[in-house]
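What follows is one chain in structure tokens, specifically the form predicted on its own.
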């Protein structure tokens, strides 16, 4: 499976101390977007807990106006509060969804924890309806755990 093949590449990116954290995060986005057909937008959001909002970090895909998202708003904002993965098989069925592009049909958001605190998340949009499985969740949890070590 593609996820098992990507894990060592994720580890190599994370351990490359010749690059900045943002460069490594961008490289992770690029790797995922280019190797998983239904990952059409891949990015990181990071929490500003004082202001209760998320700020867009490195990403790959179409530009987005959603560079700051209040906690609770949209899928990402809900994950900032719930601290749980959120898989959306059909974004049109979500009341609290922030549309980034009319082509997006599904979304998955997985939080990043550092010292048991939700400090951000990986956000993936797909132009394919209902593509995400439990395997995506487990893989993205692996990615987020590796990213967390970068942010310690």
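As the structure is a computational prediction, the values presented were derived from the model and not from experiment. Numbering follows the first chain given and starts at 1.
Below, we refer to the form predicted in complex with a small molecule, which is not included among the displayed structures.
- Within 4.5 Å of the small molecule in the predicted complex, a heavy atom is found for none of 113, 119 and 142.
- Residue in contact with the small molecule in the predicted complex (any heavy atom within 4.5 Å), chosen from 46, 38, 97, 26: 97.
- Remark: residue 32 does not count among the residues lining the small molecule in the predicted complex, judged by a heavy atom distance of 4.5 Å or less.
- Interface residue remark: residue 85 is not counted as part of the site for the small molecule in the predicted complex, having no heavy atom within 4.5 Å.
- Proximity of residue 64 to the small molecule in the predicted complex: non-hydrogen atoms within 4.5 Å are present.
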